[in-house]
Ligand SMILES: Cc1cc2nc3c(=O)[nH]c(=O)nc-3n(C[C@H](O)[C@H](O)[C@H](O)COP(=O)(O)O)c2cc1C
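Quick setup: one chain, the form predicted alone, written in structure tokens, and binding and motion questions come after.
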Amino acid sequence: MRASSPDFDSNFFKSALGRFPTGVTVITASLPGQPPVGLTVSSFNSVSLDPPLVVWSLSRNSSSLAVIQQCDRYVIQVLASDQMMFAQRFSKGTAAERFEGAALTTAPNGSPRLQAGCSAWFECANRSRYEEGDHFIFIGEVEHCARNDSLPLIYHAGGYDLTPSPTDTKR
């Protein structure tokens, strides 16, 4: 059943959604023998504690979509308040440009991960994918995660909310 037609346009809808502050993440993944892809995503949330599941969405127009749909695992990095440069870098340009100068490591199951001190990271098995509207919805089953005490980068009303970050206690 389709809902009735909305009484607003997409710009108004986007502005209304912007009233809800979100964290900012960078998602990284790769396929065997190929360079990694990475993208900035703010549509991240928890789904379940048992099993540990998270959800996020990606535009069907994303240049990273094919890799994300096919990969076995990916890493979701929650950016710290002093990492706006990663949010901006991974939201534009080519895959190679996004990773230029970014130190990478691997998560326990081999997924590419930013080495920088993100607030948290989650290595996820690519459990489920759903096509809805102009996006794909991904459910990840968290296999490994870590966190520190740094404040997260917040996106609100079309911009970043920059709060000073305390000294990180890295793991």
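Throughout, we count residues from 1 along the sequence that is shown. As the structure is a prediction and not an experimental result, all values here were calculated from the model.
Form predicted together with the named molecule: not shown, discussed below.
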Which of these stretches, 139 to 147, 113 to 121, 99 to 107, 38 to 46, has heavy atoms within 4.5 Å of the named molecule in the predicted bound form? 38 to 46
Using a 4.5 angstroms cut-off on non-hydrogen atoms, would L53 count as touching the named molecule in the predicted bound form? no
I'd like to know whether A125 contacts the named molecule in the predicted bound form, with contact meaning heavy atoms within 4.5 angstroms. no
Give a yes/no on whether S91 approaches the named molecule to within 4.5 Å in the predicted bound form, heavy atoms considered. yes
Give a yes or no for L31: in the predicted bound form, does one of its heavy atoms lie within 4.5 Å of a heavy atom belonging to the named molecule? no
Of 62 to 80, which residues get within 4.5 Å of the named molecule in the predicted bound form if you count heavy atoms? S62, S63, S64
